[in-house]
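The chain below stands alone and is given in C-alpha cells; this is the form predicted alone.
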C-alpha cells in the first residue's frame, strides 16, 4: 500500500497577512510557517509523495519549502511537488478543492499502475495540529469506510461558521452533516484532514467535475454520505488543534503558545515539527530589559519591555519601548520609547521612536511587511 499526500495552501484569507502570501506560508510560532505542521505530519507518517496545491502568491512558500530537505523528502522516490493548477487555467475563478485536484490530476496518476488499496491523505494549512497520521490511516483501514474525516470536539460553539461539521450518535457513527454552517456544540468540527482510496478519489473527482460539482465538503463527503454512496468514518483528534481561519483566531492562537501545555502539544505532542533551518546567534537581553511570559526566537536584540508576546527571529526592541500582547515577525524594529499593544507586525517593519499603536484583542492592528510607522 502506497500513500500519497495533498496539501492545500490557499484555504483561508487573513487580510493583510495573506495579501502577498498563501495561508500556508504565514509565519507562526516564532520560527515556523503554517505549512510546517502538514508537512511534518505527513513526513513522520512515512508519506513520501506529497503534492502542494497553490492557486496564487506561492513564491514565499516555495522559497520556504524548497526541495523538502528539512522534512526528509528531497531524496525519496516520488518526493515533493508544487502543483499550480490555475497557473495556465483560462479562468481565475476558484470553485473548490475538487477542481484543483482535477486540474492537477497528472500528480495522482503519475504511476501507471496504482494498487487497489493505495490511499490519499488530503489536508490544508489553516488548521495546525500535531497529528499521528499513521494512527489515522490505520483507523481508516480498520473502519472499512470510503472516507475518514479527522475531527475536533469543542470547536463548534454556535458562533463559528464551520466548513464541515458532523453530529455523531452514541456509537460514534455519523448521524448528520452540515456545510458552511454555524453548528451548535453537539457537533464536531472537521479539521480538513481526509483519508480516501486513491483510485476511488480519481473516479469521484472526474465524475463530479463533469457534473459541475467542485466542493470537497459539500459535494463529495456530505453529498456522497447523504446519497448513501459513501461511508464516512470519523477519527476524533484529542490533542490541541488551532483553527487559524481569521485574523482574530490567528492572533489568539499565536499568543496561546505562551501556555506550556499548548506549546508542548502543538510542537512535540506526537512527533517533532520541522521547519527550514536558519541558524542565528542567541538572543541578546540588555541590562535594563524586562521580558515576561513571552516566546522569543533567536537573534533578537532586547533592551525594552516585552510582555505576553511572540517575537520572531532578529527582532529589535529598543530602550524604553513597551510591547504587550503583540506578534512581531522577523527583522522588525521597535524604536526607542514606542508603545505597542495588540499589534501584529509583519516582517521587516520599522516602528519609529515614540510611536504608539494600540489595537484590541478582537481587532489587532496589522502593519504590512516592510512598512515604517
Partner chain sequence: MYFQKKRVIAMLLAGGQGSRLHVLTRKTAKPAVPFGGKYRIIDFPLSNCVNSGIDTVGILTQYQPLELNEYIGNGQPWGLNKTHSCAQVLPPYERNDKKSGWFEGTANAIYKNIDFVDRFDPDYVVILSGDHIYKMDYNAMVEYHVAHNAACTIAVRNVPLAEASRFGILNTNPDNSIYEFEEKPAKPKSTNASMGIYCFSWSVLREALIADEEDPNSSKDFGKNIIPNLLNAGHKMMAYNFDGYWKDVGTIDSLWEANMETLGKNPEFDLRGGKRETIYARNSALPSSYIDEDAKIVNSFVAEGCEVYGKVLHSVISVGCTIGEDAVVEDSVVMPGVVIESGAIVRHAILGEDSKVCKNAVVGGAFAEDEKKKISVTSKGAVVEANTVLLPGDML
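Quantities reported herein were computed from a predicted structural model and do not represent experimental measurements. Numbering follows the first chain given and starts at 1.
What comes next is about the form predicted together with the partner chain, which does not appear here.
Of the heavy atoms in residue 342, none are within 4.5 Å of the partner chain in the model of the complex. Residue 168 falls outside the set of residues with a heavy atom inside 4.5 Å of the partner chain in the model of the complex.
None of the heavy atoms of residue 252 is located within 4.5 Å of the partner chain in the model of the complex.
In the model of the complex, the partner chain lies farther than 4.5 Å from every heavy atom of residue 265.
With the partner chain omitted here, the record of contacts in the model of the complex names 28-36 of 28-36, 51-59, 342-350, 323-331, defined by a heavy atom within 4.5 Å.
Of the listed positions (96, 299, 269, 224), a single one reaches within 4.5 angstroms of the partner chain by any non-hydrogen atom in the model of the complex, namely 299.
The partner is absent here; in the model of the complex, the one residue of 279, 116, 238, 159 having a heavy atom within 4.5 Å of the partner chain is 279. Contacts to the partner chain in the model of the complex (heavy atom within 4.5 Å) from stretch 266-294: 267, 272, 273, 274, 277, 278, 279, 280, 281, 282, 283, 284, 285, 286, 287, 289, 291, 292, 293, 294.
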